[in-house]
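Just the one chain here, the form predicted alone, laid out as structure tokens.
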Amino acid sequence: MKFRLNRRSLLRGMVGSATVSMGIPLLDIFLNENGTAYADGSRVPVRFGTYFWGLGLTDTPAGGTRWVPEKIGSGYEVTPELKAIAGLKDKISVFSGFRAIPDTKPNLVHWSGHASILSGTAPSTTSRFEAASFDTRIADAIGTSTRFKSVNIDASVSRRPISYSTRSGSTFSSPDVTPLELYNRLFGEGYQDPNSDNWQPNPEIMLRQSVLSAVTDQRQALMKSIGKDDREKLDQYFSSVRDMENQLAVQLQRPEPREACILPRAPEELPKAASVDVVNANTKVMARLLAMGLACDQTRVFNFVHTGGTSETYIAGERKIYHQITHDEPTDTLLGYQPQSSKLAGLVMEGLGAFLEELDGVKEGDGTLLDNCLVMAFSDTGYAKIHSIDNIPILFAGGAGGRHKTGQHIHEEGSSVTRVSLTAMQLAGAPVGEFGTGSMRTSNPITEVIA
């Protein structure tokens, strides 16, 4: 019997008395001649994510660094604190010299840096942003056809969940904080294999969508009967209801098959210690689950926190946490930098390296999942000892589906971090021409990395 091969094909067999099926990888036969799109013309989707770690990388009082390459442009050298990403150097662009500009506002330690990068506006107070984080604009542009508009993850093993994704500036998204939580979100109740021939709409989802539709239908009458301030509050509330309704509608439509999608096994719970080795292990497991969630098209936008701004990580056996070490450790007069802080920075970057390797390990189209992603990795500070918001380390990883000219070092001394943020939005596919306010307002993306 001849096997009929297409994007939805499954290999079937028996294990004992049980029937099993297995998806087929994304073969050349399914793609166009260039391997950049499916044969029917639909493109392999671009995904976008942020990756945050606290306390920056190591600067020195004399102005040098342990992470900024000397060479500008393509072919930059691997510096000591970038060794963990050396294997993927050609898929990563490094941005140095960029700074948050607070204008007349104070530098709010461990907050002003990433708040400026994400919202485009220097914050007036800790624990809130002055505007929405830009990942929400990307999610609105590319995240509407997936089960989850975006997914938020916190691998830090912190005392409280950490998320920097916000639509209002004051309320932040609730992240998944363990591998099992993330697994249950992506592959638990409501998940249906996009490669299955037995896909069918879930009646419970149909009911939930009809209830939300009724609420939406009543919205207009309610809005006419209340005052301006209440209308603004309800408009924000109903916007979230509409988003939920749209995501439920997605689940009632048969998804496009994703040949790279393989249902992973449920993970075991990891230790709860915040030592850097545990956080990195947590990061690796959650990255593997996220990678398959992206491959299975459960979401196209994510926000990942490795450690918060005031990182509580430590080296196993040491008494002080990373945050305290950056402040207490003197600069070694011979080396010209803080050796213990630099060691911890290198270990933290190992977490990023492992994260990106998981994305790069999933074959997709003529490349990998990472080639179809843009991951913007960044921190909150440049020189942690003095809470500097100059020279904040920022990296782009992944090809963004061919849009990102990878493997470059871009240095802009004193330029606003919002230029990098605007560039990320445009590479990810958000229709944005300007970003930021005050001195950080810009319509000038970094064209050197745009294909």
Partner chain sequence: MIKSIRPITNFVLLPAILLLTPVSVLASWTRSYVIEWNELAHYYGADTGVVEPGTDCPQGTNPEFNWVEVLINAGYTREEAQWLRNPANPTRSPVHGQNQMAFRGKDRANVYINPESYPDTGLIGVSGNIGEGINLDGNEDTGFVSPTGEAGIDNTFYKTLGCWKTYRGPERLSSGALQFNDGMRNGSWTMVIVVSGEGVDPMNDDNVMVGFYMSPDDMVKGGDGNVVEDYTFRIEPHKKYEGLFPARTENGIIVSTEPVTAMLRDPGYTRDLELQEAQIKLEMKPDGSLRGYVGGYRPWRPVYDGWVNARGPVIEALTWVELPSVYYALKKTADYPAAAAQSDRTHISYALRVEALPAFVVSPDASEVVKKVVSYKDQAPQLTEPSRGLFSRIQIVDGIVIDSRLEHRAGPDAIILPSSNP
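These numbers come from a predicted model, not from an experiment. Positions refer to the first chain, counted from 1.
Another form, the form predicted in complex with its partner chain, is not on view; read the next lines as being about it.
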Would you kindly say which of Thr331, Thr178, Thr166, Gln340 lies with a heavy atom within 4.5 Å of its partner chain in the predicted bound form? Thr331
Given that its partner chain is left out here, which of Val417, Ile389, Val68, Leu395 has a heavy atom within 4.5 Å of it in the predicted bound form? Ile389
Site test, Asn184, Arg254 and His404 vs its partner chain in the predicted bound form, non-hydrogen atom cutoff 4.5 Å: no
Which single stretch, out of 75-83, 368-376, 143-151, 314-322, brings residue heavy atoms within 4.5 Å of its partner chain in the predicted bound form? 314-322
Residue-level contact is defined here as any heavy atom of the residue lying within 4.5 Å of its partner chain in the predicted bound form; does Lys105 satisfy this criterion? yes
Spell out, yes or no, whether the shortest heavy atom distance between Ser174 and its partner chain in the predicted bound form is within 4.5 Å. no
4.5 Å heavy atom contact, Ser196 to its partner chain in the predicted bound form: no
Considering non-hydrogen atoms and a 4.5 Å limit, does its partner chain approach Ser170 in the predicted bound form? no
Near its partner chain in the predicted bound form, with a heavy atom at 4.5 Å or closer, the residues from 114-145 are Thr125, Thr126, Ser127
